[in-house]
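Shown next as structure tokens: one chain only, the form predicted alone.
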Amino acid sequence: MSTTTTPGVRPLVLVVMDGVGTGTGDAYDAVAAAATPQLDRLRDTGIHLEVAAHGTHVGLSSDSDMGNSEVGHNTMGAGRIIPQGAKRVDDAVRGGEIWEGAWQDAVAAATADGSALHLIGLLSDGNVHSSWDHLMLLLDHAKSDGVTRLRLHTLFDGRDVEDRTADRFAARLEEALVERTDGTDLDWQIASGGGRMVTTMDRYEANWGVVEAGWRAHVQGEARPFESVSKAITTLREETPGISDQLLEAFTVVDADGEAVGPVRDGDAVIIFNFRGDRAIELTRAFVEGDGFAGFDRGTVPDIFFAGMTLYDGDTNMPPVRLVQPPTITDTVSEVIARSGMHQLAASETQKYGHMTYFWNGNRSDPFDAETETYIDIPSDQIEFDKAPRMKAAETADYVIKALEEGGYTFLRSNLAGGDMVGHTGNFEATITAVEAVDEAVGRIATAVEAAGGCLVVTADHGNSEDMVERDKQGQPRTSQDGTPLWKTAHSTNPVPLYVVDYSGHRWEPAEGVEAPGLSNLAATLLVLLDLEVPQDYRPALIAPA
């Protein structure tokens, strides 16, 4: 660890409480229900604001779109509002860009010699990983461009939409296929599926077994066989009553002879229609990497044309072929800090490691300056997160505290994952425990920052744990027929807190006249606290000298 610190600059510590928003304080607000004496102390000690973390505030299409960790960290690091996710693809659709280049190459492959077009992705209208509208447009253009054999490999959500709705989405998709193929000779079928947390959509190499399960289902056609997607969902639910969509076992659809209807064969074309990279990149690697691939035993890899929806990893140029080019994000806050020569630390457990590095840095995995930047990845538990809801909050705090005590870093950023990852399970009591673990970690870090004469900034990337129930259009909680709450596993559109406490003697007050304060204002706020020049195209800081 470096032992040099920029002269005259006290350490600045940022803690992102993933998924800890500001809710109504009702009986379904796990943040309000948790004991959070440390956050209460910060609120009373320094500046406390609320900032927007959803919709157009973070570059998404509309303010009905929930925030998420990827766009949240992208926006915090960028200091500007960048077109993100579905909006970036929407722009490419409106301009026609998406139907040129790679799409035409995919169609050419899929229409040659009896080949097929395979579409793999999350069956959801949550607009976080994928878009229902994008999928329908892909189907429309596949038909108009002459694709006669098409196979769909569907991953069930249960996190970004109401849980236990996989059957409804599957039925909608079946109807969409009938609408486009009825009266034609088109051979279009759903070929495989599974819940996103156990099939295909692993991230940060936390559990390659999840991707292997998807590979066996989608590519090899060797997962548990069912005669239809609806039969698979019904059976799996009967076997495990109350099971979340995200945990439904991987399966393959078979014909009357027990043969898989849609394995991937040589000459086929495969498109992943997820636009978010973190949970698409591992399957992408399985398709495009050569003999050096070490994630799992792929068996015989089919010789296919492969494309992703957009760029999933800029540093590795993954995937090499994509339908839509990503936004370019330069001059992120850590790039500005790196140019100053200040030393930086990023620490997080695996589930959010890429958020504190890749997404924070504007879709760049590598440090801007390896001599002055250190990245710490704390391995996450490979179990359902409500089984160990404290996750790695304490261990993450340990790294930050040790770095402060040893000295050397001017800017230290970290992510505490529990409010989000446990919130996604829909387990209210476990989420309370997760939030309390986050609060304890924040308190320990705050004590260390105070001892170092530094400055502490605490915020969140989006809401989740503060709103744990499904609600009707009037905002009232929804219940099942027996009166139990319909627990929500998705993010929210709530604002998130921002705390600034400077223990160095500097005095600050909220800046006046900042229009629609949001996560995009954080980068300028950090640079002001570090006494660095704020780029002209950044949104303004939320604090000013008192």
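Residue positions are given as counts along the sequence shown, with the first one as 1. Keep in mind that what you see is a predicted model, and the values were worked out from it rather than measured.
Below, we refer to the form predicted in complex with a small molecule, which is not included among the displayed structures.
Triplet Val128, Arg159 and His355 all within 4.5 Å of the small molecule in the model of the complex via a heavy atom: All of them do, each having a heavy atom within 4.5 Å of the partner.
Non-hydrogen atom contact His424 with the small molecule in the model of the complex at 4.5 angstroms: Result yes; His424 sits at the interface with the small molecule in the model of the complex.
Touches the small molecule in the model of the complex: His218 (any heavy atom, 4.5 Å): No.
Glu466, heavy atom within 4.5 angstroms of the small molecule in the model of the complex: Looking in the model of the complex, residue contacts with the small molecule do not include Glu466, since no heavy atom lies within 4.5 Å.
Residue contact check: Ser520 to the small molecule in the model of the complex, 4.5 Å heavy atom: Close contact is absent here: in the model of the complex, Ser520 is far from the small molecule, nothing within 4.5 Å, heavy atoms only.
In the model of the complex, the residue from Arg203, Arg149, Arg364, Arg285 that sits within 4.5 Å of the small molecule by heavy atoms: So the residue touching the small molecule in the model of the complex, by this definition, is Arg203.
Partner-contacting position among Arg279, Arg322, His343, Arg413 - heavy atom within 4.5 Å of the small molecule in the model of the complex: Selected residue: Arg279.
Region of this chain that lies against the small molecule in the model of the complex, out of 426 to 434, 159 to 167, 182 to 190, 206 to 214 [heavy atom, 4.5 Å]: Partner-contacting stretch among the options: 159 to 167.
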